[in-house]
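What follows is one chain in structure tokens, specifically the form predicted on its own.
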Amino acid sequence: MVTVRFAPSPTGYLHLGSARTALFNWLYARHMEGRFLLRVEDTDQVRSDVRFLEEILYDLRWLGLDWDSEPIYQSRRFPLYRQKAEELLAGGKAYREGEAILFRVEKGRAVEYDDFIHGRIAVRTDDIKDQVLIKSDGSPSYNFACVIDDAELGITHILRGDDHISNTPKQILFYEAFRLVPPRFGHMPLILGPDGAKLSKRHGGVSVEEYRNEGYLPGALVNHLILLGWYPGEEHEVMTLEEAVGMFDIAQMGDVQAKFDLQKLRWLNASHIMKRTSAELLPLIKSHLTAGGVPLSGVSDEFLLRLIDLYKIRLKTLRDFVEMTDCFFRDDFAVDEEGKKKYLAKPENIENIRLLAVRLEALASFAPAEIEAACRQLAEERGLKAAGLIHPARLAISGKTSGAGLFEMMELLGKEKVLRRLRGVAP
């Protein structure tokens, strides 16, 4: 049975590169009906922090990933690592250096393996120095602990980033020393920024948490990370995690470095938002409104659902909703200063807004069709194109130069509020 693992280190938040590693291991396990395990690499007693681990596990679940057994913790396995190191010591394959135990690397040979992404890789042992098994403080080295754990867990495939290529021949030597068959290895090119440099803060957020807080849906972030290493074809570019499981083929993973594209992520996020119903988006939108300081006391879910229906097609992130809809929750909404100069500085526009308020007040029904008819009739009487009235009116009631349909906005704001705002600009 295919058995893979993800091994986070709880010394920081879940990086996008690590999330991609977890994702591809999970995809492979689920596609092959295998097992996906978690191992917590918390041997660094100084930097490891339980709050980082809790955040990492939360982010993995948020992305839609689950695991098939309780995580194992390396910090609880120090006696096992020492026992295994002493076995090599007793067999003459290792030696002591003070309190440390080192593995003796045999020179003059090659360590070779077939990487299922890069193909055949060979490394001369002359280029590998003797390897630390147990450090002088009693903790295991990274490479040694990995091998002991992976062998015990029955890991069949190890899929990880290119930054681990140098570790693989060292780990294979340990497998050989214990007369174990190594797992298959595959190394993914690292994620780069749009400029070709290593992904960093200057390219935007680098942790899953940052994108979650910015209002990206987990399905969209997963979708983008999948495309950074595997491409199922243009017709499947927008995909769910479940669809990816069915289509995934590890043999099709690319060996070229992938660039994280924030604009592509925004496009994908908009696509995933449109696939969600307004009811599904409601609790997420409410969370972002609350985080943005929007007062929701007295605001009904029915009102919010109508508002989501109105703006869903315009959203790139859920956080966009907060800024786009501020005029529906407060009267002291932000006003676009350039728009104000363009549309409200002309006396004729102020007069048109005043006349529009008169027409709207006379309406028996404040439905979009009736509002639109009144607006267009007034524009025709004034010798204007409809836009000549719509743009100033939009700015007056929302402070913005663009947004959802004006007449639908007016209906949702309500007649009293619309009239008050129009007359606030044109008494």
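Heads up: residue numbers just count along the shown sequence, starting at 1. Please read these numbers as outputs of a predicted model, since none were measured by experiment.
Although not depicted, the form predicted together with a small molecule is the subject of the following passage.
Heavy atom to heavy atom, is residue 421 within 4.5 Å of the small molecule in the predicted bound form? Residue 421 lies outside the contact set for the small molecule.
Answer yes if any heavy atom of residue 142 is within 4.5 Å of a heavy atom of the small molecule in the predicted bound form; otherwise answer no. Taking the distances in the predicted bound form, the answer for residue 142 is yes, it comes within 4.5 Å of the small molecule.
Looking at the partner-bound form in the predicted bound form, is residue 41 within 4.5 Å of the small molecule by any heavy atom? Close contact exists here: in the predicted bound form, residue 41 approaches the small molecule to within 4.5 Å, heavy atoms only.
Proximity of residue 164 to the small molecule in the predicted bound form, heavy atoms at 4.5 Å: Contact check for residue 164: yes, within 4.5 Å of the small molecule in the predicted bound form.
Pick the stretch from 345-353, 242-250, 142-150, 98-106 whose residues have a heavy atom within 4.5 Å of the small molecule in the predicted bound form. Looking at the other structure, the answer is 142-150.
Using a 4.5 Å cut on heavy atoms, which of 316, 212, 82, 160 is close to the small molecule in the predicted bound form? Of 316, 212, 82, 160, the residue with a heavy atom within 4.5 Å of the small molecule in the predicted bound form is 160.
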